[in-house]
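Encoded as structure tokens, the following chain is the form predicted on its own, with no partner shown.
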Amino acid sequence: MSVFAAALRFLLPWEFSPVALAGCALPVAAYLRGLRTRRARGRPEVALRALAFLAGVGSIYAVLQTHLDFLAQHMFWIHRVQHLVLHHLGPFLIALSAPAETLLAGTPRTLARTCRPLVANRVVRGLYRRLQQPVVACVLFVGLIVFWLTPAVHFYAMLIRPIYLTMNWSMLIDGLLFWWLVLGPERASAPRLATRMAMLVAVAIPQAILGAYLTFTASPLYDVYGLCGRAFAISPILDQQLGGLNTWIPPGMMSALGLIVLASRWMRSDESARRVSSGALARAAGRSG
């Protein structure tokens, strides 16, 4: 088999999911349509934002629908990479791209009218507001990681397909909610920016503790991978240690990157406020003169 054929085979779905395909393809189609619409209106999207959105959706598709999904079911450390993408990297890039306006511009009017009653529903909006409260969002973000990594829960999640899918989709949806709350919308007051920065610190600490625990625990906790057969010939404890490092270090780096983004926004907002204040003082001085 040639290298190209092997690469193509690896990129094909391990277990095809029409939900995963639609969940990735439809937003991309709407986004690309929105890019054309905004360009025609003389309001083109920033190239880096478009790249971030497409990279975020593409990374999610890769871990759900290529043979990476197979490897994630047979190696603990790759499973942790999969959840790093679903819960952190993919949603982070999507939220950072601020895609709402472009997606709205690219959504067909018929579909927008169909979805409007659901979006405006009082129950749906109330549930969304509760889930987006900072304390609730942080507890859910860390709690889901701890829940799905509980050895007894993880055992059944990796063996029973519906539970496995529930695990992956819950991580993705929660990641989108959390990072959207933290990174978007861009314009936010200083107190809100401070709250979001505190959220990033709050979720980083327990993830670091959990990752360190998995890394330094002397006995294997996840025997399900031995039962299913590991894709690579490494020891269970090394597999667990690598998974622990993936639970510990990259999420901390994502929180640090989020803090840098928020700090830069805070500095820009302060600079803008100073310019407005200086302009107001200059106008007042001009009138008095």
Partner chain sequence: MSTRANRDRTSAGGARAGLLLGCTLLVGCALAAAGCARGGRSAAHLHRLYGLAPPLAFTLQDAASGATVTAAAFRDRVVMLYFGYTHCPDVCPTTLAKLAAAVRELPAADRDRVRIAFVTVDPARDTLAVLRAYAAAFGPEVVGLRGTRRQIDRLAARYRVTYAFGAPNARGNYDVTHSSAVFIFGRDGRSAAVVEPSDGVAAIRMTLNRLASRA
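What you are looking at is a predicted structure, and each value in this text was computed from that prediction instead of being measured. Residue numbers count along the first chain shown, from 1.
Below: the form predicted in complex with its partner chain, not depicted.
Q: Give a yes or no on whether each residue among V139, L159 and L227 has a heavy atom within 4.5 Å of its partner chain in the predicted complex.
A: Result yes, every residue of the spot touches its partner chain.
Q: Any chance Q133 has a heavy atom within 4.5 Å of its partner chain in the predicted complex?
A: Taking the distances in the predicted complex, the answer for Q133 is yes, it comes within 4.5 Å of its partner chain.
Q: Indicate whether A120 is a 4.5 Å heavy atom neighbour of its partner chain in the predicted complex.
A: No - in the predicted complex, heavy atoms of A120 and its partner chain never come within 4.5 Å of each other.
Q: Closest heavy atom of P108 to its partner chain in the predicted complex, within 4.5 Å or not?
A: Result no; P108 lies far from its partner chain in the predicted complex.
Q: Although the partner isn't part of this model, could you tell me whether Q73 comes within 4.5 Å of its partner chain in the predicted complex, counting any heavy atom of the residue?
A: It does: once its partner chain is placed as it appears in the predicted complex, Q73 has a heavy atom within 4.5 Å of it.
Q: Please identify, from 65 to 73, 40 to 48, 238 to 246, 256 to 264, the stretch that has a heavy atom within 4.5 Å of its partner chain in the predicted complex.
A: Stretch 65 to 73 is the one.
Q: Name the single residue among A52, A231, V28, L35 that comes within 4.5 Å of its partner chain in the predicted complex, judging by heavy atoms.
A: Answer to the contact question: A231.
Q: Does anything in 6 to 33 come within 4.5 Å of its partner chain in the predicted complex by heavy atoms, and if so which residues, in order?
A: In sequence order, W14, E15 come within 4.5 Å of the partner.
Q: Closer or farther apart in the predicted complex, the C-alpha atoms of L48 and E186, for a change of 3 Å or more?
A: Compared with the form shown here, the C-alpha atoms of L48 and E186 sit farther apart in the predicted complex, by 3 Å or more.
Q: Distance change of 3 Å or more between the C-alpha atoms of A188 and P250 in the predicted complex: closer or farther compared with this structure?
A: Farther, not closer.
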